[in-house]
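Only one chain is included here, represented as structure tokens and corresponding to the form predicted on its own.
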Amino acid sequence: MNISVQMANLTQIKCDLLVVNEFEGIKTPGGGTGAVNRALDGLIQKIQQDEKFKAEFGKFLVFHTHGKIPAKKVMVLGLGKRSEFDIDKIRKLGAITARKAGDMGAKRVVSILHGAGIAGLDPAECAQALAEGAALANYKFLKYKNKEAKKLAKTDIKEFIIAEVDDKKIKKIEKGIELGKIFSMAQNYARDLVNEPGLHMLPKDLARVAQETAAANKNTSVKIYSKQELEKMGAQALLGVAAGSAHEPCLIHLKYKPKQGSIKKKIVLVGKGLTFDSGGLNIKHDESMSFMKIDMAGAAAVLGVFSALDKLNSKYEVHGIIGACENMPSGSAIRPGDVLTSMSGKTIEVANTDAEGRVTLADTLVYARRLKPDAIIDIATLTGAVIVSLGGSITGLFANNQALGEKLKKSAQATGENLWQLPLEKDYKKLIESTVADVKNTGGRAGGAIMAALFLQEFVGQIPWAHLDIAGTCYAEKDINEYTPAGGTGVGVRLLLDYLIK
């Protein structure tokens, strides 16, 4: 789907579907919608009255123009109450348009730029959101469904055009569309990785994807550390989790470096990279294990970010650290009660082998800390407890530095990727104290997400750090919202990209 802007009058542009809009409580359509209504001899108003259309958000009317204007059909989208309208609703409107147009078999779609008229929102932000919504809603993982792929080709939208009559807005809209394309492509890249079956996304495959990502971006390099190199580095926590698998682990270090003299700060992104998590000897039951290909969604988000940094010309020096391994049960697997020594020398009692992600992150966070960054942000499918707390639409945020946490919240608001900050409760630290090691990897069920974050904090030192627990938001068993279809969500990618360009 090609998304673009065109200087054009809505009443004169040829297309299969023309999209206009209306706020609740408007008796006489104005702006572009009003122009189309007049060209259609008041047809929009008449149909609204006949159908008792109230323009509630997301509701729509579709009707034929019968040749009165070049557009074959018109869709009137409800914007809801003007006082409740925001950028994320534009993203959802783009998604509704793309899905409905696809169902209709429309190849050329022309849309008004929602929000840039009487709502008074920035045209660039509106265009970015509209482009993102259309591209994200259009995503499908059909790699292993040949018949579905052929069917999609027949219904796929070819052109999505934003029509604008004010030439002063064109450049802003073009910039917004370009950002929307880059952000959505990066998120869909991450979605593809999460949706891959575990058999095809082994640790070596994650390393290969990292190498391909670096090769496609001239300012990005990558170093892959083998099992033997990890042994020399003393990464016994990561190696311990991987001990039960026939597939060797690796540590991936991506580095994006902007032009000399333009570097603002050094930021390290750490992604949890469990390519499959059986639970180890504390094996999961069949229901939860069937989804455990998604346990590398944090790594996928980091790779999604790196696929876009060159295109965005970020001024940050960005490092991406991924400890890639499988957690499997076998005769060589670690046991409950075993003690592992992390790269920092701090020892970890493995109270439960299914709390493995935080153990691998212990080593990757120590590696990240040694890069002496200005901030570390880790993203991980860490706890079922965060799902109990926040459900499937809100990511848990923890931060030892409130300024960093607030910046991430602003990016979350801008991108529609909901965050909720949870506390790093000091009194809970005693629950992860061990009688045989420096720290243990679990402290019981209550407050599980907090205790997991407190465990991670043990390995970051004094560096500003934030932890994003995406266990609930990385995968959708059914559609979450208009632009998040079932499957891998790619959550965190747009949020982190927004943070890295501001």
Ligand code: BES
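A residue's number is simply how far along the shown sequence it sits, counting from 1. It should be emphasised that the depicted structure is a prediction, and the values quoted were computed from it without experimental measurement.
One more form of this protein should be noted, the form predicted in complex with the ligand, which is absent from this view; the next part is about it.
Trainee: Indicate whether the ligand has at least one heavy atom within 4.5 Å of a heavy atom of residue 471 in the model of the complex.
Mentor: Yes, contact at 4.5 Å.
Trainee: Give a yes/no on whether residue 332 approaches the ligand to within 4.5 Å in the model of the complex, heavy atoms considered.
Mentor: The answer is no: residue 332 has no heavy atom within 4.5 Å of the ligand.
Trainee: Should residue 442 be classed as touching the ligand in the model of the complex when contacts are defined as heavy atoms within 4.5 Å?
Mentor: Judged by the heavy-atom cut-off of 4.5 Å, residue 442 is in contact with the ligand in the model of the complex.
Trainee: Taking the shortest heavy atom distance, is residue 284 within 4.5 Å of the ligand in the model of the complex?
Mentor: Because a heavy atom of residue 284 falls inside 4.5 Å of the ligand in the model of the complex, the answer is yes.
Trainee: Taking 4.5 Å between heavy atoms as the contact cutoff, choose which of 207, 385, 375, 119 touches the ligand in the model of the complex.
Mentor: After the contact test, the surviving option is 385.
Trainee: Within 4.5 Å, heavy atoms only, which of 277, 417, 164, 196 is in contact with the ligand in the model of the complex?
Mentor: By the 4.5 Å heavy-atom cutoff, the listed residue in contact is 277.
Trainee: Considering the ligand in the model of the complex, find the one stretch among 72 to 80, 309 to 317, 349 to 357, 424 to 432 with heavy atoms no farther than 4.5 Å from it.
Mentor: It is the stretch 349 to 357.
Trainee: Out of 278 to 303, which residues reach within 4.5 Å of the ligand in the model of the complex, heavy atoms considered?
Mentor: Heavy-atom contacts to the ligand in the model of the complex: 284, 291, 292, 294, 295.
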